[in-house]
Structures are given as structure tokens and as C-alpha cells.
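The form predicted alone is given below as one chain in C-alpha cells.
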Amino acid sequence: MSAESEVRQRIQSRGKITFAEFMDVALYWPHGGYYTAREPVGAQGDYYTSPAMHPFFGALLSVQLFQMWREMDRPSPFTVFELGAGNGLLCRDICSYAAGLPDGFAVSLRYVCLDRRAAGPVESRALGASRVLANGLPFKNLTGCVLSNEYLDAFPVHPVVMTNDGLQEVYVGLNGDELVELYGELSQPGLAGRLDDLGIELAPGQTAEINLALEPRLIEIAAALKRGFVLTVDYGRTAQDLYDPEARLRGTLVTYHQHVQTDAPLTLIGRQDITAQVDFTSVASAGEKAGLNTLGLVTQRDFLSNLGLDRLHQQLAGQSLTPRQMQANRAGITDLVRPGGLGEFKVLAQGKNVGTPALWGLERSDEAASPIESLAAPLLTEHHLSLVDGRHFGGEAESEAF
């Protein structure tokens, strides 16, 4: 049974379903859900992510992980658990660059890719890393870092709207044979409670998305982590910004198909991405309640710059590259920090039983340049995208919108 068939069957047997339930089926239904049936990133996918743009992203993340390891007095093993690891490209780039970092960091580093799918085109296990098929973090007493990149934005969300009758939720139902959106009473009190906790009152006619899965997932992460860090990279905003009616009256839910933003979630079910921006205020708050200290929140542009992006860029100029290769590498690097695009993504750092260290990615430090001084800048590979020649793209490339 396809994802769409499953949606229709549920509505026919039970009546309208929440949009969150619809989104869960559309994305994760075992027999044809979007994330179970295809590789979403790259030429055959529908959008691109930072790891696909240039290995500088993984290299600089490895520098941050190196500092975390030092701050924790060099535990061995130091395990990185990547949630939603996808095709393993980020794992590949982090581990490749970590191999050259000082003090034996690579010897202590263990990398675990967690995903609902088996390894994709980039086989992470070849790097000595491991892959665990799981939805979440089925471990305890971890020492290291729980890492995710564009993971929380794929959680099913509950859209709500302020109507003349008060706050209502968006459901999916049938009008004849056509799937339609319907309004109804809130399915869970936590929806209004989230807005109350944030001090947010929606304007008349305003739509907003609420991710109720944040709290249980942060509780799970905090319970699994004995000592270490949580590093979350995603596109989103603080609550006051995210729910600003003047800027986002219709919310942030978008859909992507073949690098085109379609914004029609009830079509192409199981064949397009459905995503919404992350409420980082609620992520930090849920973490605090679960026992994680908030260490800082910065843009991806500032995070990568603080870790030595300019220094790696300088090293790139010293390598023997053709003009075309240089242009391709520089284009990918530029896209990682592009205003209005990937550069506006957020990086949230949290910690447990590690004190309050000044992480290099959160605030500029001369120390961040030291580990990379003697290392060559990593270059684009066949696994990365090329904005210059359109490699892997059937049309115009799109990152998930900010």
C-alpha cells in the first residue's frame, strides 16, 4: 500500500486525521514514504544540504568536535552519534579531516550513523564508522557528542490557525475523492500550551507549525548522554522571530520536488519533501528541562567563520587546481555561508556534565586556527555537488528555503 493509499484508508475508516499524522505517513510510511523510498539529497533528490556543498562543512565540524574532546580531557572513545545520517557524507568528511588533527584525536574518535535507512551512496562503514538502523538514540551512558544536521525540520508538525472561533488545528480529510485541509479542535492540549509557554499569541488568520516531538526527543537524548555535547544544525529561528505575523503570517511549511519549491503538501504524497522551520527557543527550553545546558546559538555563517573558514579558504589558494576546479570549490564554500540561504541556518550547542566551555564555533578564538595550520584544505569530490557545472542537477538547485 502506497503512502497516499494509507492516508486515504485511515481517513475513510476513522475520519479526518491531523496534518501531523498525514505528514508522518507521507514521509516515513515503510511502503513508499518519502524518506524510506529514495535518496532526498542531490541530483535524484529534491534539495541539497551543507555536507553536499563542500567538505569544508564536515572539516570545520571536526575541528569543533576536536575542541569538545579536549575540553572533556580527551576521553577514549569519544563517540559522535549523528542523528538522521542519510547517505553518510557528513560522516565521511568529518572522519577524513579528523585523521589529520593533532593529539591522537582520530584514535579516540568513534562515529555512529543513526538513520531509518541502510547506508546510501556514500558508504560510511568503509571509514571504520558504524551504522545503526534506528529512529532516535537507543543507547545509554554515552560520552561524546550527539550531532544532527537538518534533522529536526523533518519531524511531523501540527499546523494551527487563529480563526474567528479561536485557535484551531489543521486536519486532512476527503471531499469526494479529493484530499483537503480542514480545521477542527486542537487534538492535544500541548499545542496551546506551547504557545502559552512561549508567550506567543497568534494574530487573526495566522498559521503556525508546532513540533510536539521536540520534548520527547530531547528527553531521550539527555537520558542517553552521560557526559558530552549536543550540536544541532538546522534552519529555523527563535520563537519570537518564527511566529512573527508580519513576516510569516502563513507559517513556514514548504514542500520540495526535484529542486522546485511546490508548496502543495496534499499532492505527490511520498514523492516530495515536507518540512517546516525549527523553533530553536523550544529546542533549547526542552533541553534545559531534560538536563542539557544551553551553551549558545549562532548562525551557520558565524559558526563556520569562527572555526577557521577563512584560514581554510586561504589554504585552498595554495593547491594545484585548474581555474574550473578553483571556481567550483569556491562556489561551494561561498554557498555554505550565503546570506538568505545556508549561512542563515542556526547552530545550537548544548552540554551535559561538561561545565560551560567557550566553544570555538560560538565565539571567535585564535586557538581554533592552530589545529588546522598544517593540514591541506579538503576539496570537492565526486560525492559533492558542483554549482559551477551543474553536476548532479537536473535543473536549478535549491537548498531548503530559509
Ligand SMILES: C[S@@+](CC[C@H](N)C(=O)[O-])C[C@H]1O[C@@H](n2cnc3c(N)ncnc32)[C@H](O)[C@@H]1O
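Start at 1 and count along the sequence shown; that's the residue number. All values derive from a computational prediction rather than experimental measurement.
Note that the form predicted in complex with this ligand isn't included here; everything after this is about it.
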E209, E82, D93, D279 - the one with a heavy atom within 4.5 Å of this ligand in the predicted complex: E82
Could you spot which one of L292, L114, L242, A98 gets a heavy atom to within 4.5 Å of this ligand in the predicted complex? L114
This ligand in the predicted complex: contacted by all of Y28, P51 and N135, heavy atom 4.5 Å: yes
Give a yes/no on whether R217 approaches this ligand to within 4.5 Å in the predicted complex, heavy atoms considered. yes
Could you tell me if G86 has a non-hydrogen atom within 4.5 Å of this ligand in the predicted complex? yes
Should A154 be classed as touching this ligand in the predicted complex when contacts are defined as heavy atoms within 4.5 Å? yes
Given that the partner is absent here, does N149 sit within 4.5 Å of this ligand in the predicted complex, heavy atoms only? yes
Counting only heavy atoms and a 4.5 Å cutoff, which of 66-74, 357-365, 28-36, 332-340 contacts this ligand in the predicted complex? 28-36
